[in-house]
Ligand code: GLA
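This document starts with one chain, in the form predicted on its own, laid out as structure tokens.
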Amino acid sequence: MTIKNVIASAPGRVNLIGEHTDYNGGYVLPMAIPQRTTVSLKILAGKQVRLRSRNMPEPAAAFNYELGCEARAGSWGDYIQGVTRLLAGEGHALQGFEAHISSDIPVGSGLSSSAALEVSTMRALREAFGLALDDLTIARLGQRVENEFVGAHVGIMDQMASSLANNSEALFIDTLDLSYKSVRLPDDVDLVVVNSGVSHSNSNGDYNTRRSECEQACKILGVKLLREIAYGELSRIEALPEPLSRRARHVVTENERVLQAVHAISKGDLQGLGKLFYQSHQSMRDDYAVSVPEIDLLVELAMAEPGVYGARLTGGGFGGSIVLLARLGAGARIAEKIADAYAKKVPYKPTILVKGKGELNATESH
């Protein structure tokens, strides 16, 4: 039995640490953010799908297609086309629908706007058509949408975070077996997210090139995934040609940093956790080469603030946002100071998306 009208939503995510490790079978530590994507869906007769985004300018705000005739168009509608094609391929019965989409997750901010769109759409379709989809299955399908339909060779972290994480706890995920557990941040810290204003896209060539480089490194090393290379085996990586050795070194050392970060959180060691943030950013900048000067500037401005424990690029890179940990109660002031200094140096407008733990908790009921 179908329900005629439903509203569903899903959050964006900020990854605390563990970047570009998920498609290498490694560890990640994301958490949900207050910003969400909401889908208002109405069932229609027939097979027509009518989509409208409140965040896109005309005429791009509208996207229409027919179920069973999904074809990649290179637009935001591909994420929903991918959802309906994969659901049908998995044997789920759908019919036409109209969906209005709104989101306060900035596109290209490195905070999983695409995953939130996929997850919120599947949640709406699950409720409307009574689909047998659990939250982990939704995450798996969301990743497949990007890999198989959109053309972005992403790992599963974003979809798992959007489908399973919450605002008060980080989600420690082992992407090799998809096991996960909640990790609560210490009470005496503010989590801050600042968007650089430099937009990125996971479906562009740079992101896919990094995954290809990891696959090349695996082939030479004789392993299926870089997760198989232990931290104590870094000497194996040094024999790789450049830039493959640097790419593999980032993944192996980043996996170790995630494990150390979870341990630091359990001990309330904010100084140690902050140091890991800085080390992660340096590795992403130098070994994985996914940072940009504007992101580096935000991290440098954060480093200059006495109340900051650590800061790093979050997300796929080539733009996007930084995440930083600040002394409890100082997050908002520090975020505004960093944003002001940044805006005076570059032609981009920064956006403060999260400026303290209180802001995260205040929106947890969404």
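Residue positions are given as counts along the sequence shown, with the first one as 1. A quick note: this is a predicted structure, and the numbers were derived from the prediction, not measured.
Although not depicted, the form predicted in complex with this ligand is the subject of the following passage.
> Taking 4.5 Å between heavy atoms as the contact cutoff, choose which of 26, 315, 331, 310 touches this ligand in the model of the complex.
Of the candidates 26, 315, 331, 310, 315 is the one lying within 4.5 Å of this ligand in the model of the complex.
> Just give me the single entry in 154, 138, 251, 125 that has a non-hydrogen atom within 4.5 angstroms of this ligand in the model of the complex.
When this ligand is considered in the model of the complex, the option within 4.5 Å is 154.
> Within a 4.5 Å heavy atom cut-off, is residue 278 in contact with this ligand in the model of the complex?
Contact check for residue 278: no, nothing within 4.5 Å of this ligand in the model of the complex.
> Taking the shortest heavy atom distance, is residue 11 within 4.5 Å of this ligand in the model of the complex?
The answer is no: residue 11 has no heavy atom within 4.5 Å of this ligand.
> According to a 4.5 angstroms non-hydrogen atom cut-off, is residue 207 in contact with this ligand in the model of the complex?
Contact with this ligand, yes.
> With a cut-off of 4.5 Å between heavy atoms, is residue 18 one of the residues that contacts this ligand in the model of the complex?
Yes, residue 18 is a contact residue.
> Heavy atoms, 4.5 Å, this ligand in the model of the complex: which of 101 to 109, 270 to 278, 157 to 165, 219 to 227 makes the cut? Say which one.
Of the stretches listed, the one contacting the partner is 157 to 165.
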